[in-house]
Ligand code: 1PW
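Below sits a lone chain in structure tokens, taken as the form predicted alone.
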Amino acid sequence: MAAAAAGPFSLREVLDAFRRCVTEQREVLLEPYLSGWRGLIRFLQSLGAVFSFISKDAVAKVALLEGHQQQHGFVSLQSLVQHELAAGLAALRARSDSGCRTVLRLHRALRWLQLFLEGLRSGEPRTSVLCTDAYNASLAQHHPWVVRKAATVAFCALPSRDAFLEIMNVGSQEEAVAMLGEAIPYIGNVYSITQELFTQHKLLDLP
């Protein structure tokens, strides 16, 4: 999975990937979904050890999902869910390596990133507050207390908002904010469709 760390992060790459993600039939295409995640992983890795507890897990989940895609030829998230549900929900819940479980973990992390990027765009200068608020509204409920505590402490060491906007690698701060404004709705759309799909099939609480 060395490819996840190849090259510098660029918000434009993530925007392009998530823009390509959703079809007119509201299917989430796996190839651009994984491409978008590889870009987001580069973003997390560029921030150093603060986010390693999330980025390492995301790298593993993306690699696992790539394996499922290559093995079964899944084109979309919907086709993956349909295939795995064919064996029954009980059988799916018993599998720790299922594609659905893997997507669910990435789905939760995507919500945190969406909220954090929205916060950066809002203009709030205290990135530790932005990140903590986003984390508490998303990933925290799925992490044990010791991880939540460590995360909250780590967020205090985050770089400034200006530094974050520079990491976006798309030009000036104004350009970075403008591109965030473009990218966030696409990320949000992918999140919403996935949420609806997993709610419909009772997959939001896979162990």
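One-based numbering along the sequence shown. Everything quoted here is computed from the prediction, not taken from an experiment.
As for the form predicted in complex with this ligand, it is not shown, yet the points below apply to it.
**Q** Name the residue from I167, V147, A154, V177 that puts a heavy atom within 4.5 Å of this ligand in the predicted complex.
**A** Spelling it out, the residue with a heavy atom inside the cut-off is V147.
**Q** Which residue among D57, E66, E182, E27 has a heavy atom within 4.5 angstroms of this ligand in the predicted complex?
**A** Going through each option in turn, the one that passes is D57.
**Q** So which stretch, 168 to 176, 46 to 54, 66 to 74, 27 to 35, is the one near this ligand in the predicted complex (non-hydrogen atoms, 4.5 Å)?
**A** The contacting stretch is 46 to 54.
**Q** Using a 4.5 Å heavy atom cut-off, state whether A109 contacts this ligand in the predicted complex.
**A** Although this ligand is absent here, A109 would touch it in the predicted complex, with heavy atoms inside 4.5 Å.
**Q** Looking in the predicted complex, any heavy atom of R161 within 4.5 Å of this ligand?
**A** No.
**Q** Can you check whether L139 is within 4.5 Å of this ligand in the predicted complex, heavy atom basis?
**A** The answer is yes: L139 has a heavy atom within 4.5 Å of this ligand.
**Q** Would you classify C100 as touching this ligand in the predicted complex, given a 4.5 Å non-hydrogen atom cut-off?
**A** C100: no contact with this ligand in the predicted complex.
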